[in-house]
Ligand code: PHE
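Next up: a single chain in structure tokens, the form predicted alone.
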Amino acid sequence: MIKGSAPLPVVVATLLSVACASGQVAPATTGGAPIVIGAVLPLTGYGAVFGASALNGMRLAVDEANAAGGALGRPLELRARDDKGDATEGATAYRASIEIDGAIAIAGAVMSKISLAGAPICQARGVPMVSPTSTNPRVTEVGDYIFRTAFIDPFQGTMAATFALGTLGARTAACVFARGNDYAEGVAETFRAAFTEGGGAIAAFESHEMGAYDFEDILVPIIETAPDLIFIADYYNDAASVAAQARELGYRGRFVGIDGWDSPELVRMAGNALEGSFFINHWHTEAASPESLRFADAYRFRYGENPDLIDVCGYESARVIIEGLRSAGTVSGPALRDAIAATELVLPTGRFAFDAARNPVKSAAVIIIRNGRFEWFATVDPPRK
């Protein structure tokens, strides 16, 4: 579940100028007609803040590539189309990107509902599509031309288990999650499977109603098993309530969570209950890898501000297309598709590759809650098979 700042009203004229500028990249030292990479993003309307961030990241990736000579001896050109946060508008934007702009691949969309509208169009026309942030599992199920660079929700469970076993040294864990919430249930299930496969034992696997206030009936038996940690696969509001009540009932162990915790409201609601706890996220500005630091510096130099999660996701979606294009050695759709599928890179978020379903197998950031702040703690690489 990718999240960011809440959508805000944006001046249409400003965003239209951004959309036009997105197709104008710095002149490359290569020759020939530019190779067009499309971008379908919400540049106006609902989600425009997300679209502007993703576009910033994509533009940086394309400009870096052109400064290094472009691809196939030609410059690259990024042309953005506005999906306006609407699935119907998004489908129109995908068609225009392919049929009018001549895009050889499309980076987008930000929202799963729009990716689901555009994916069949790209699949039918043999044009690779790489979504930066759509986490709905159904997106890549559309076909073999459809990719994403943000890991799907259940993958967090695997990464949380890897961190719990390897870094925290946990051998027993309890799982708490919201019943009837596909996001929470999926992450909890994958955590249980990965934790047990890695040699750990699940002491309890308990669900609750979303938005519940009283968790004593599941927490008392959990605490009696004295697990090394409690994995809370919940959004921030339920996670805060579970943790606070567990502390009241005497639990003194660790909590580990997921990206649904990523809200400033978490600490306000939980008080000190989650101090020293950890959660999995897609990236953090303070991540200490050389590539992450390089990206953050380049972004600050270009835009005069720190990048956010959507910026880095946009950047990585464009990077994957560019590296695939260089590897394919041609703009042919089938060859580009195959080259993207075989992509293995070190990106700002860490090690990156695709699985057989064209979902990423990639590193994850571990965030620690320290002094009421979210701080980068570690980057966890996916387990090797």
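Quick note: we count residues from 1 along the sequence shown, nothing fancier. For clarity, every value in this text was computed on a predicted model and none was experimentally measured.
Keep in mind that the form predicted together with the named molecule is not shown, yet the notes after this line are about it.
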Does any heavy atom of S134 come within 4.5 Å of a heavy atom of the named molecule in the model of the complex?
-> yes
4.5 Å heavy atom contact, N237 to the named molecule in the model of the complex = no
Does at least one non-hydrogen atom of A93 fall within 4.5 angstroms of the named molecule in the model of the complex?
-> no
F215 near the named molecule in the model of the complex, any heavy atom under 4.5 Å?
-> no
Mind telling me which stretch in 191 to 199, 269 to 277, 126 to 134, 77 to 85 gets its heavy atoms within 4.5 Å of the named molecule in the model of the complex?
-> 126 to 134
Establish, in the model of the complex, whether Y183, D259 and I310 all lie within 4.5 Å of the named molecule, using non-hydrogen atoms for the distance.
-> yes
Checked S289, S241, S112, S207 for heavy atoms within 4.5 Å of the named molecule in the model of the complex; positive is S112
Considering only 325 to 352, what residues come within 4.5 Å of the named molecule in the model of the complex, judged by heavy atoms?
-> none
If the CA atoms of G186 and S134 move by 3 Å or more in the model of the complex, do they move toward each other or away, so closer or farther than here?
-> closer
Between R351 and I280, do the C-alpha atoms lie closer or farther in the model of the complex than in the shown form, with a difference of 3 angstroms or more?
-> farther
